[in-house]
Structures are given as C-alpha cells and as structure tokens.
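Encoded as structure tokens, the following chain is the form predicted alone, with no partner shown.
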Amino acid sequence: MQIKIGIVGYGNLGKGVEKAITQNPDMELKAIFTRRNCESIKPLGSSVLVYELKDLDQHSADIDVMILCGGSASDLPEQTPTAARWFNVVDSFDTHAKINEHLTAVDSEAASSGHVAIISVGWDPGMFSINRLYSAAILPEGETYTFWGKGISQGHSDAIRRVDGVLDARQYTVPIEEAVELARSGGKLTTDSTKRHIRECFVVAEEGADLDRIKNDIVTMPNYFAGYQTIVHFISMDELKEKHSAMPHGGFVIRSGHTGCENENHHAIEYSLKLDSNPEFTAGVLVAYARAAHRLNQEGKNGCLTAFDVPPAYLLPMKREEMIRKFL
C-alpha cells in the first residue's frame, strides 16, 4: 500500500518534493494545495489534483502525510499547526531560535487530533542537527562549529522577499574561510555564528521603492540578518535570472575535541554537504521523514517530533534485516 502524500505550496521546495516522490515507489503524490490560481499549477503527474489551500480540511481522508513547503517567516508558524488538525504533517521550519515555540504550537494540535507532526527537518535544521548531537555525545570535551555555504538560503531569501518593496531576492551565506580552517585545526572560535559568516543579498526592488529603507529592513531583521556582516546589492530582474537562478548550497559541521586524562589527544569530526539544488535536497529529507511520520502514526504515536526523536530505521522503506545487511 502506497503512502498518500499531499503538498502545501508549489514553489521551489514543493516542486522538489514532487520530484523526490517519483524516486520513492512506496509513495504517491495525491494532491497539491496552493494559494495561487489552481489552473496555473501543472503537476508532473496527470493524476495529481490541485486544490485551493482554504479547502485543506475537506481532504483529510485522502492524504496520509501532508508535506508543508512554505516559508518559515510567516507560512509555517500558521500552516503547520493548522494542518496538524487534519493530517500527519512534516515541515522544514528553519528559524532556529523559534523551534521550541513552533514545536509547542504544533504539538498542541497534533496530540489532540491524534496525528504525528515532524518539524524542522531539512539539512539544517535536520541532518546537521543530528551530526551536532552525535559528535557532542562522542567528544564531550570540545566545541561544535557550524558553517553554512557558500550557497543560497531559501529561508533567508524568502524573508527578504517579504520586505515591502521587494520583487525578488537571493541571499548567499558565505563562510569566512579563516574561521573554517581554525575550527578544523582545533583552534578556539567564538560560538556566535554571526562572526563566522557573511550574508550577501541580491535584491530586485520595485520601481521607485525606497532602497535605503529596504536595506535597513534587511540588515536589522531579527533571527535572519541582525548581527551579521550583511551586504545588500540592488540588481535588475534580468541580472537575477541570469546570474542567480541556480539554488546551490552546502556547509560543514565540525566538532573539535580532546580525549585522554590531560586532553592530550585532539580529534575532529566533520560532516559536509555540497548541494547543486538546496530545495531538491531538502525535499529528499522531507520525504524520508514523511515515511517516518506515517509509520509512527500507524503504530499509535501522536504529537510533535523533531529529527532527534525519530529512529533512523523509520526513514527507509526496508525491513530491518535488509537494512542491517546493507548499511550496518
């Protein structure tokens, strides 16, 4: 029996989820829910139905897991708790400072409705989070440093697009190379990530918009740009499409620590990603956790979970014996 999947939002991430489902034969995309004109959405599969987002509650019997593909700035804080009333849900909420707040709001709805919600799964938060946890457990004496980029952040780009007067935008997160090398060599860095990265923004503004006000709104935005060295470039739409249409990203999690009675031995754990397409990789993570959400709910689990709470074995469509033989 295939897992019936629904998608909320059909931007870059939603389209990535649609493609990822085609690589998972135990899943079937049943429907896309959108705020756009439904007729403007052209799914890859001819049998996929498109509905207005406001009609979400009318399709609870048709979907096993709803994958939410909106932005973290304003979409997911509202959409995930709401959708959890009617569906098992998965999202990639990535505002790190607000994850506990988001979890509380989603858990209230998911627990009372008997559904499983898995939030903040992507590559960070998500895969990077797991590697931070594992490496800290293995090397309790040490420091963990996370570097993002160089690449386009979907969440930060979306946050810029919500600024009044902005037509479109891309934001590149750029690690400061000296800080990366210092972490690898066992040097001591500030734990403040704002001192280890540059945020470079390419913005298309509406004609006649107040560029100084837009720049100030960006560089002072809490949880996104405030505190970072932020560079804002205003460019044309043609230049954005020509030079910034790809969606690469990646980064590193480095744990530098010591063992021994006198900390005489140094060790470094490094996990890295190099992604041609940020949304398509994130979509792959979402789809794997959608499988886990369905399985956990079938076993009677409910409430809101994170990547820390989901056993790795639940991510793959394999029997335990096969998984152990192939990967262990």
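Don't overthink the numbering: it's just position in the shown sequence, from 1. It should be emphasised that the depicted structure is a prediction, and the values quoted were computed from it without experimental measurement.
Keep in mind the form predicted in complex with another copy of the chain is missing from the figure; the text below concerns it.
Partner-proximal stretch of 172-180, 121-129, 153-161, 108-116 relative to another copy of the chain in the predicted bound form, 4.5 angstroms, heavy atom: Going by heavy atoms within 4.5 Å, the stretch is 121-129.
Contact flag, His258 vs another copy of the chain in the predicted bound form, heavy atom cut 4.5 Å: Within the cut-off, so yes.
Exercise: Ser236 in contact with another copy of the chain in the predicted bound form, heavy atom 4.5 Å: Answer no; every heavy atom of Ser236 is more than 4.5 Å from another copy of the chain in the predicted bound form.
4.5 Å heavy atom contact, Glu28 to another copy of the chain in the predicted bound form: No - in the predicted bound form, heavy atoms of Glu28 and another copy of the chain never come within 4.5 Å of each other.
Interface membership of Gly284, another copy of the chain in the predicted bound form, 4.5 Å heavy atom rule: Yes, contact at 4.5 Å.
Partner contacts for 133-161, taking another copy of the chain in the predicted bound form and a 4.5 Å heavy atom cut-off: Result: Leu133, Tyr134, Ala136, Ala137, Ile138, Leu139, Pro140, Glu141.
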